[in-house]
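Below, in structure tokens: the form predicted alone, a single chain.
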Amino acid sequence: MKGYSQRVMAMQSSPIRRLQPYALQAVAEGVKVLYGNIGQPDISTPVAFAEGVVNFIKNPQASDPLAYGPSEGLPAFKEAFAAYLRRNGIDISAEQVFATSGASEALLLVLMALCDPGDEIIIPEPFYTNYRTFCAMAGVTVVPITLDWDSGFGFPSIEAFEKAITIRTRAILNCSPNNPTGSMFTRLQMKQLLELCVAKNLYLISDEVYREFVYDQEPFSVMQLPQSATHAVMIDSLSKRYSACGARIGMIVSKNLELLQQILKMSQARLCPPTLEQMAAIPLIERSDQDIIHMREIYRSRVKVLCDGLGSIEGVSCHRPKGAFYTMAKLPVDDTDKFAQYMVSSVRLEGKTLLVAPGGGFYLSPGYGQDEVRMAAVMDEESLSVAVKILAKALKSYKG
């Protein structure tokens, strides 16, 4: 029997989901698992989405049969999302919105449209671990710029990005607010980054899935910056903003219509993004602006509870997120992968245990993140307090 492709053999298992079998074993033993490893919000999806599903089903002209839609997304959905962006100061038209099957597909399509196999993408690390997988699928080499723990994973310097550029570089990929660190680049820093991309004829791919979840400043987008017309691409999603991860609707937003036409050629092969979810999302987008603000305040309170709790444990440190709902915590252990497995398998408190994401998988550079974990504030404050207690108990009993 022949072996498997070099592409798939070079891929890592997701550090976010790799320990899931141990969590399932704990559940089978009657233990409640607190999932601090994955960014699955527990906040209810705004009711407008369910109402949109019901309205779609009640409309026989639209729902019978449940038909293919346009490969670039339903016109009504594209206009609804463009109108949402305009309400938030981002001047975008419907033709500049391209609907996808989640932000994951959005990024993969952009990478495949911009890069040939062997080309390079610069990404600040630690970064969302699936970036690495998408780049591997597209045959793209990741060039990491390691952010400094002591600066709270802040902007490294424009010179650091410039030094990483080679003749094979096609783009810089940045996530702000950041997953997994909760850090943010300022508007000025993003402007400098875009200006560098223009000067070097590169693209700036801006992952803005968490754009509205910011705590110290107003939300902003790369699409609001000068020179965004040709060299900027925004990746977006309904998943976190509306607590609708399972809907699997993402968006590519670009003022570069030629780029979107190139992406369309690939998108036609997968036919279309989900029709039902797009139809249900239209009233969600039109009527849920206040729900987003409400969610942001919930997360603001939660990240405080989480970070205050982590800071109370001897030997543990973290940086309070400026946005999103994650933090990278540094633990007094040598291998957080082994520690996380031990904790979910062996540590119990009031019938509960905790699953976290080991930090090493969020870095490409060898040796980084071995004493770090990512935790997500996607559970209520009482559960977060219990999670911190479980972590403290595990650290006391862990023998390494």
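Just count from 1 along the sequence shown to find any residue number. Treat the numbers as computed from the prediction; the structure is a model and nothing was measured.
Not on display, but discussed next: the form predicted in complex with a small molecule.
The partner is absent here, but in the predicted bound form a heavy atom of A103, alone among L260, I123, I205, A103, sits within 4.5 Å of the small molecule. When the small molecule is considered in the predicted bound form, only one residue from V209, A329, A232, M279 comes within 4.5 Å through any heavy atom, namely V209. Stretch 172 to 180 is the answer when you ask which of 172 to 180, 142 to 150, 301 to 309, 84 to 92 has residues with heavy atoms within 4.5 Å of the small molecule in the predicted bound form.
L109 falls outside the set of residues with a heavy atom inside 4.5 Å of the small molecule in the predicted bound form.
Contact check for S228: no non-hydrogen atom falls within 4.5 Å of the small molecule in the predicted bound form. Taking the partner from the other structure, the small molecule in the predicted bound form has a heavy atom within 4.5 Å of a heavy atom of R248. In the predicted bound form, at least one heavy atom of Y131 sits within 4.5 Å of the small molecule.
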